[in-house]
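Okay, here we've got a single chain as structure tokens, the form predicted alone, with questions on binding and movement later.
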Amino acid sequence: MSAFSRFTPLIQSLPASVPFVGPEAIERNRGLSVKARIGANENGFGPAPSVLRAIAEAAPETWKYNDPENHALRQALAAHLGCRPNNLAIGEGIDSLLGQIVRLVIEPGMSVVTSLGAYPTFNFHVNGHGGRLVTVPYVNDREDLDGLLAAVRRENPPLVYFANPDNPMGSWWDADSIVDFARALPETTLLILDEAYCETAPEGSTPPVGALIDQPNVIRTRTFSKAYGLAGARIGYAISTPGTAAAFDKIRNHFGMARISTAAALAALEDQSYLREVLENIGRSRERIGRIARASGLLPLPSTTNFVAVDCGRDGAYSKAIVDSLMEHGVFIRMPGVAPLNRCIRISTGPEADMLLLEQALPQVLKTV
């Protein structure tokens, strides 16, 4: 048999895997049914009724390609954020934008700094483009800004990734600390400031858009997947200087955005009263998860996201047993992937029916694992 491979050496070296195993795959592989889908940080409260109406109204025109310049959405976002349309790049969710950013600046062998245990899809893209990950451990369950800056100064990488609030721990930094970190970076290092959970973050933790808008080595990524309840629509955007934002046009899929998704995003931006309602629901659900965890002798960590990391007090094997056993009850959750973060499980907020299933199943699981 020939040893010929049509794939590059880099692709041959990578595992044929995805960063996450979805609940659908778990249902197929284990023959189980998901009853409480509270593991993927989706917004179980759903999008606004006005958004659903916009989707229905846009459906007959789904035979058309979306505007490849995303003009209407860029205009609406600029008005909402208080910036210019040319400060924005639109993409099919943050995951797609992360891949494009890595492609823009990373060549094989280049170092990339991130936190050990941070969002694995970013690592997936770095590995896929041949980058070399340099990781900095969390400190007190929070990404270590000083450690990240020290690694940048040591490695002189083209790229550093930092999320605020953070996934998977739900921790956060104040806006002034983030701005100081961004300004301390060398101009040769591009910062990805992932703000997927900025809508749920407390006041004073998200820098104003104008604070970093003129810094060409900063890209802020945001999404409609979380607070707006549109994870399945795949809508993300990046905020940066006009020159940096325009670079996406060189490589992006110009027909990647769905026409229906654009209509949904425009309607979601207009319905800020519903967003406020959802944020209240998320806050109440976070408190509910905390009460459920404490009632079972577990420790919920402070969170400003739409999920709660819960310290199970032991190791990753124990946490995994809890995750797997909860699925036997139809409760889908996840956990961080590396020690010491993997002593925790991670539970997404959701409607009361999901919380009730969790409340019933967790004590039973803890008796058996």
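The numbering used is simple: start at 1 and walk along the sequence shown. These numbers come from a predicted model, not from an experiment.
Another form exists, predicted in complex with another copy of the chain; not displayed. Remarks below refer to it.
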| query | finding |
| --- | --- |
| Selected contact from Phe181, Tyr138, Phe124, Trp173, since only one has a non-hydrogen atom within 4.5 angstroms of another copy of the chain in the model of the complex | Phe124 |
| Sole residue of Thr189, Ser296, Ser205, Asn281 within 4.5 Å of another copy of the chain in the model of the complex, by heavy atom | Thr189 |
| Every residue of Arg6, Ile11 and Asp67 near another copy of the chain in the model of the complex, heavy atom within 4.5 Å | yes |
| Exercise: Pro336 in contact with another copy of the chain in the model of the complex, heavy atom 4.5 Å | no |
| In the model of the complex, Ile322 touching another copy of the chain (heavy atom, 4.5 Å) | no |
| Another copy of the chain contact in the model of the complex: Ala151, any heavy atom under 4.5 Å | no |
| Close approach of His254 to another copy of the chain in the model of the complex, 4.5 Å, heavy atom | yes |
| Which of 141-149, 98-106, 282-290, 265-273 sits within 4.5 Å of another copy of the chain in the model of the complex, heavy atom basis | 98-106 |
| Any residue of 217-237 that, in the model of the complex, places a heavy atom within 4.5 Å of another copy of the chain | Asn217, Ser225, Lys226, Gly229, Leu230, Ala231, Gly232, Ala233, Arg234 |
